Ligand code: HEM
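Take a look at this single chain in C-alpha cells; it is the form predicted alone.
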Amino acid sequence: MESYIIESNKKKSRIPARLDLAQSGSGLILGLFMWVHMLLVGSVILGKGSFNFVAKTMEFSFLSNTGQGFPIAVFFAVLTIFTLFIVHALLGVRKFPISWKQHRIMRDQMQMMNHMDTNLWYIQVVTGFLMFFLGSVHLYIMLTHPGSIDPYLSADRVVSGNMWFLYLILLICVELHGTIGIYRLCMKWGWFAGKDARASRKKLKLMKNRLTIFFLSIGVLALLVFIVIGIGHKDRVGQRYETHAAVQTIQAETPAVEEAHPVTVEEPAVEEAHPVTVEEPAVETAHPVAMEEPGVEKPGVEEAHPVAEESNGTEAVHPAVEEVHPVDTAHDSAKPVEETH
C-alpha cells in the first residue's frame, strides 16, 4: 500500500506520450517513404533507361548543364532518412522485451489470446530488429556512394557485390514492418474509423494485405531484374550506364566515319598532282634554250636558215638580212615571168 501511495503521489509525466507521438510520426514518414522508394526502384522493370531517368531526376539532372546531376542531393536525402531511421529504432526499442523472461511471458500471452493484432505487433518487433542491422548497411552504402545509383552500378552491387541475399531479407522485413506499422497507426489513432469499428478494421486489414502483396511483388521482380542485369554485366563491373550508351553510340557512328575516311584521307589525287607540279621538265627543258644564248644561235636565226639555204645566199646572215631574204626570193620568182614574155 505504501508503494502504491508513493507512486500515486508522483507527478504524471508526459514524456512517454510524446515519445509515442514521435515514434508514430517517424514511422509514418518512413513507411510512406518506403512505398515511394519501392515504386521508384521498381522502374527498372520497365527497362534500364527508365531506372536511369528516375535516378538522374532524383539527382536534379534537369538543373545541370551537363545532365550529370548533383549526387550531393542524394547524400542529404539519405542522411535525412538515416537519421529518422535511427531515431525511430531507438524509440521502438523501448517496447522490446529486454530479457528472455519477458519474451517468454509475451509469447505465452500471445498463444493464450490468439489475437491477430498482437501477432502483427510481434512480427513488427522481429522485422524491426533485423532492419536495424540490414537497413543500416544499405543506408551507409548509399550515404558513402551517393552517385552510384545507376542501372549497372546497382546491379553490380547486387550480383558482383553479393548483396542480393541482404536485399532480399531487407525487402521482406521492410514491406512487412511498414504495412503493419501503418495499419496499427490507423487503429491506434482512429484514422479511417467509420461508424462500425469491426467493419473498418476488416477493411484496413484487407488493404494492408493487398499492399503487402503488391509491394513485395514489385520488390522481388525488381531484384530479379537487377540480378539478370548484373550477371550480364559481370565482365564490366564498375562501368556506368551512360558510358556504355556512349560507347554504343560511337560504335554505331563508326561505319559512317570509316566510309568517309577514304574520301578525306584519299589524297592520292593530291599526290598524283605532285608529279605534275613538281615535274617541271618544261621549265628544265627551257633552261637549255636560255643557256644556249651565249652560242649566238637564237630562235630567229633558226627560222632564217631554211630561207638562206633555199636562196643559196650568204651563210653569215645578220638579223637585218633576215628581212631582206623574202624580198630576194620574190625577185627570183619573178624572173621566170619576165623570160616568158
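We number the residues from 1 along the sequence you see. The structure presented is a predicted model; accordingly, all values stated were derived computationally and were not measured.
We do not show the form predicted in complex with the named molecule, though everything after this point is about it.
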query: Option touching the named molecule, based on a heavy atom within 4.5 Å in the model of the complex, out of 120, 207, 139, 186; finding: 139
query: Heavy atom within 4.5 Å of the named molecule in the model of the complex - residue from 106, 81, 125, 91; finding: 81
query: Heavy atom distance at most 4.5 Å to the named molecule in the model of the complex, all of 34, 131 and 135; finding: yes
query: Which of 109-117, 165-173, 193-201, 229-237 lines the interface with the named molecule in the model of the complex (heavy atom within 4.5 Å); finding: 165-173
query: Partner proximity in the model of the complex: residue 38 to the named molecule, non-hydrogen atom cutoff 4.5 Å; finding: yes
query: Residue 181 within 4.5 Å of the named molecule in the model of the complex, heavy atoms; finding: no
query: Residue contact check: residue 223 to the named molecule in the model of the complex, 4.5 Å heavy atom; finding: yes
query: Partner contact for residue 86 in the model of the complex: the named molecule, 4.5 angstroms, heavy atom; finding: no
